[in-house]
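Encoded as structure tokens, the following chain is the form predicted alone, with no partner shown.
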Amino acid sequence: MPIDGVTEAVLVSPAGDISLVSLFLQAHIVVKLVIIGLILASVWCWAIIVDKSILYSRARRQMDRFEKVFWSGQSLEELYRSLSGRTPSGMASIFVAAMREWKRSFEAGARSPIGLQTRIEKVIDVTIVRETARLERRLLFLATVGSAGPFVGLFGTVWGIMSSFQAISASKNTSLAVVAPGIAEALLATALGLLAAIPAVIAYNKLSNDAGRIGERLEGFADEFSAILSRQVDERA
């Protein structure tokens, strides 16, 4: 009488062989796909966590250096010339975008101070949105894994337990040596789901808070710089 792969694995697996590798090899194909998917998701989550941690640390250092130079008394024109030839980020990108609009408007002979101020504020707002999107990119994946990971693992567990019961029924043997490996391989999916979800949730909360703090610093600088440009517009009007 032919039997499926799960039943055969239960019948031939040695009693007490519940190592992680053997559990994976004996699992149903659906459970294997769930386990592989959760492992890949966990690896990608850790890659995002490391990448964002480095990015946020670098962004804070760049903002500290830029603020030190900006408030050192150096003229805005000199600072703009030193930054305009690069690809700035963070506060520097806000500064360059606002100064570029400022210079274009005066070179074009703009006569409306209100219109100039409005254009500068628009440019600053767009730059802040762009910088914020760059900081928050791929954080949604962490939130998705954190919320869906346990349920994906639970799905693998339910499927594995169903397959194990079918194998037990086919073997007509309910001893613990037969039952334990099948239940263990099913629970492995839930364990991996939690293993992927818990770090993802913690990291998402931490990184979202860090991104929010950096965004607040960008908005604070944008307000201060906008006020400086507004005063200069009034002086030239």
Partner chain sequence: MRTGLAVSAVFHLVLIGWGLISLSAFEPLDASDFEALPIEFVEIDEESSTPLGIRDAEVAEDPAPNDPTDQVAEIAQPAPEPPAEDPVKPTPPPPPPSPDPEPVPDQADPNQALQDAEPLPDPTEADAAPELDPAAEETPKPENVLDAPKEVAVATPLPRVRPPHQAPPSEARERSDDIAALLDTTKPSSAPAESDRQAAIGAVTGSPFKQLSVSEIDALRAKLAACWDIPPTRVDPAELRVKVKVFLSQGGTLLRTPEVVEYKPTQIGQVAAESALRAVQRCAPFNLPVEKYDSWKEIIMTFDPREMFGG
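These numbers come from a predicted model, not from an experiment. Residue numbers count along the first chain shown, from 1.
Below: the form predicted together with the partner chain, not depicted.
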- Item | 4.5 Å heavy atom contact, R100 to the partner chain in the predicted bound form | no
- Message: I48 versus the partner chain, in the predicted bound form: is there a non-hydrogen atom within 4.5 Å?
- Response: yes
- Message: Residue-level question: is T190 within 4.5 Å of the partner chain in the predicted bound form, judged on heavy atoms?
- Response: no
- So in the predicted bound form, does V21 come within 4.5 Å of the partner chain, heavy atom to heavy atom? yes
- Query: Of the options A170, L195, I202, A180, which one has a non-hydrogen atom that comes within 4.5 Å of the partner chain in the predicted bound form?
  - Reply: L195
- Of R119, R104, R138, R134, which one comes within 4.5 Å of the partner chain in the predicted bound form, counting heavy atoms only? R138
- Message: Heavy atoms within 4.5 Å of the partner chain in the predicted bound form: which stretch in 202-210, 50-58, 63-71, 25-33 meets that?
- Response: 50-58
